[in-house]
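Below you will find one chain, with nothing else, as structure tokens; this is the form predicted alone, and questions on how it binds or moves follow later.
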């Protein structure tokens, strides 16, 4: 990649946080929204109305935008159509949706395999299913946990293979760890799950594969068909959108055969409720009970569009707020550039942090084998204290277990916590250096509260033009 072609300053002009002098390095938890998305959110109020429930022009326009958002999401991840997309609140709800949809299919003696490196949301639902729910119905289902290499933070593929057998209905695996940063070999995991021989209700002889894509999708090119995924989850608040919308992708045939996990409202076929039976709606609305997060879904799809623009042409928004089709080649090019820039920042952080006495850095040392985060501990230092001191120095990090509690316990960390820096496409090399230098000052010299250099109320940055807006002139309004 030509670093000169990655115009990070042009990218940053689309965001508010640089004006406050913030050094945002907690992007693995949540990213910052571009100001265009905030402006668009307000602009949508001109046509605000419910979807699938009205004959007004406003309702029809909102419905069209809402359904178009499903199409955009499907194209972004390479799904065949919107029929494979379920909009949920977050990645956690996506995993619970899979659990409740498959609940009745688990047979006595089955097992589900997950890993010790998972986010709690891809372990606790399976624990609850096996320990709390199914025993009440007299079914014994086991959960199994694959180990990881404590030195490299990489999944122990031999151990994973030993856990998968002819009674493994489902294999759950993170695409990229939010603690180690490790990018798991999904093709190899798919091959192991595919060779299990488990007989599914559809007649297939293989284990289903659920991939937690919360850290993977925002920073990598993902093609659900090429990876042959049965389920994929991710959240938009980790890829530039505001909070409150996540996605569950599932193969269409699975959604067709699975019962809904919520009932009522839009998931019912129009007028098809009778005392004797109820008919469910067609996909994808079969899994859209009640009034959805309409504006959030529309805004989230636009977050994907502006992500493409920021990665490819930050000086001119070609996809955002337009009807321009999302092409797979465009997604691959854009996400390839995002991944490369993130790799540059992550490698720089690892190199700098490695010079700090007493530091333990978790996960692969090769930045090409990990996502854009670095978790660490410093001997004799509380990770929470480190994060608080970094904040006083003007660097926003995060300390805790990062909801990767199993992995922290497996490493025998006491407390089960670490400090983490995480980056995204708008971070600069200088911000990485500043975070490293701040930590050096805290650990080596014992400094606290370094000058943050914040410039609250700095001048506003001009926005590049948006062309062919599908939302009208109101999208030109600036929000600060």
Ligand SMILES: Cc1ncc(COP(=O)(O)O)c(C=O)c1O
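These numbers were taken from a predicted model, which means no experiment stands behind them. Residue numbers count along the first chain shown, from 1.
One more form of this protein, predicted together with the named molecule, exists but is not displayed; see below.
K.L.:
Does residue 235 make contact with the named molecule in the predicted bound form, using a 4.5 Å heavy atom cut-off?
P.N.:
Yes.
K.L.:
Spell out, yes or no, whether the shortest heavy atom distance between residue 168 and the named molecule in the predicted bound form is within 4.5 Å.
P.N.:
Heavy-atom contact with the named molecule at 4.5 Å: absent for residue 168.
K.L.:
Does residue 115 reach the named molecule in the predicted bound form, with heavy atoms at most 4.5 Å apart?
P.N.:
Close contact is absent here: in the predicted bound form, residue 115 is far from the named molecule, nothing within 4.5 Å, heavy atoms only.
K.L.:
Is there a heavy atom of residue 214 lying 4.5 Å or less from a heavy atom of the named molecule in the predicted bound form?
P.N.:
Answer yes; at least one heavy atom of residue 214 falls within 4.5 Å of the named molecule in the predicted bound form.
K.L.:
Could you spot which one of 207, 184, 178, 219 gets a heavy atom to within 4.5 Å of the named molecule in the predicted bound form?
P.N.:
So the residue touching the named molecule in the predicted bound form, by this definition, is 178.
K.L.:
Given that the named molecule is left out here, which of 92, 330, 258, 196 has a heavy atom within 4.5 Å of it in the predicted bound form?
P.N.:
So the residue touching the named molecule in the predicted bound form, by this definition, is 92.
K.L.:
Based on heavy atom distances of 4.5 Å or less, which listed stretch (123-131, 236-244, 157-165, 362-370) is in contact with the named molecule in the predicted bound form?
P.N.:
Stretch 236-244 is the one.
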